[in-house]
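Same chain, two versions here, written out as structure tokens and called structure 1 and structure 2.
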Structure 1
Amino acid sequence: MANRPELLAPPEIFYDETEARKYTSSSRIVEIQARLSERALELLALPEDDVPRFLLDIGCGSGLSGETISENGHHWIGLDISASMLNVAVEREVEGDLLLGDMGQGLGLRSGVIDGAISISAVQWLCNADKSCHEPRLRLKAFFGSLYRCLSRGARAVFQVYPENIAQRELILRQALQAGFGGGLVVDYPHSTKKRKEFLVLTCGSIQTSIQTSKNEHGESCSEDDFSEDEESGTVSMSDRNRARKRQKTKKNKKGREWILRKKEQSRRKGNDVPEDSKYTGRKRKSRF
């Protein structure tokens, strides 16, 4: 990101009505957010038993990330500080429940009730002090502490983040670990400045499945794993991540054609211009090569 929106204005001001609309009408953004969300869900590693889970989407915005959760058959609560972004989510008739709130004030949720959390491109906002009463360290602490409490034991939280620099990354990670989480960083495309994506993968309480990031002996700090995959040249240098992908694609509870048809019908009823249904609707696209 060349110009960081985090540096321009506080999130509830930056994501005003114009920005909220721009955000969801850009097919490029829609596609990127969907891909990041899909990857975050994969890293959540929910049990594959076809039982829908109750998840949290932190900084849900206009519901792009939440829609990926719905498509995978789960229920979700979305929290966001921008009323304009949430209004767009309402207009788009997302299936999750929405809350207007500031993650930096902590989540007011009961203990142990949430099965997992994702957050796409949002947590780095906490590193800024937008008001005189804001102290990033304390806001991160309130956030991670309350998140830890509301997750059920063994649940995971996956954050895709854009830290501005190493200090921010460390600040976020340190606060997460201090709250009691275990885990670390997963980096996709580490060698590409454009495509590099960071995911903080955290586990709450007893670790059921091992996390595929490496830790030092004390489990305190974590090194980055070299997950890389080069789509352009078609070479894959880390087979693990590909295997997980494939498994997920064959998951049964993924919403298919029926769900898409229903969504299109909903949208038509609102008077939107929706492409006609055909035998191709809901089919997987062939890869371009």
Structure 2
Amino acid sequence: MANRPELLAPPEIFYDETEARKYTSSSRIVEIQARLSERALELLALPEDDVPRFLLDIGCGSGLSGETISENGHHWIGLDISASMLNVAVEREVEGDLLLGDMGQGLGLRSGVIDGAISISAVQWLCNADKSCHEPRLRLKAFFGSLYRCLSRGARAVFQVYPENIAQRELILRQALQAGFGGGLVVDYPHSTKKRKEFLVLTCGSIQTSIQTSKNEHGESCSEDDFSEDEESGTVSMSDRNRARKRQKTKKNKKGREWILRKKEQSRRKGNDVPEDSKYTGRKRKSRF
């Protein structure tokens, strides 16, 4: 795990000018990025009506994923926290519009203007507290909440993620569901160590989702039944959930008569002067006008 970039430095520092050019010039990375972007677009399940959609690429970097979006005939806008990565994207003359920003602070986009969103290897960065003011849960909450607002009703968002552990996976999924999304996790090649890829597929709105598409080691599609063995082994390979219900707050009177009597007795043992107990001890006073 020592070679995970998110463990070495914050993204805006790790992806400096040298690292940004190195990342973009690697033929292996370009190939992997294109393959993952194609898979993300496939999971977006956009209508096949030859109408271009307006998509959001979160953590767009130097525009490698954006090129895949453009090749599929769609328009896009990219967001990234690394100015060096965006400078490389400008030099490469990518077709999408570029924004410099921190997704953990929310997306400053108008409500309902985005037809779909993808993200390749970016969301797990929010699970790290790179600054003293960073709280992963709150940053994920701000991100998913703003994403939910800017997506059109029924639109999908697909995130390819590399969670460090099960706790990170559950944290990301929990915050997404609490923001109002429906959906779950799709895992390609769940029994392979090297080929395994996780995609968080979310739907904006109260639409029921049934995510049954994945791939096995032979590149074939799998149904939901194919995941039972992997789930029993303790690995989260797929889930299909709706928006979590808000817990009703119940008022608990923690300072009732028994609590007051106990506190008075403790004070007496310390030698303090405490008023005698009476039938009025712990009784709630009537409110006055």
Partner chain sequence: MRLIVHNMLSCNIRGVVNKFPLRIEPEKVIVKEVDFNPDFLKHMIAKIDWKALVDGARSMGYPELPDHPPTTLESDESFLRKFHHSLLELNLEEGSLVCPETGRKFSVNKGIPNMLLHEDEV
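The shown structure was predicted, so the numbers you read here are calculated from the model rather than taken from an experiment. Numbers follow structure 1, counted from its first residue as 1. We call the rigid core whatever largest set of C-alpha positions still superposes within 1.5 Å between the two forms.
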Chain form predicted alone: structure number out of two: 2
Did residue 35 shift 2 Å or more between structure 1 and structure 2, C-alpha, core superposed: no
Align both forms on the core first, then report whether residue 261 has a C-alpha shift of 2 Å or more between structure 1 and structure 2. yes
Once the core is aligned, please say if the CA of residue 272 is shifted by at least 2 angstroms between structure 1 and structure 2. yes
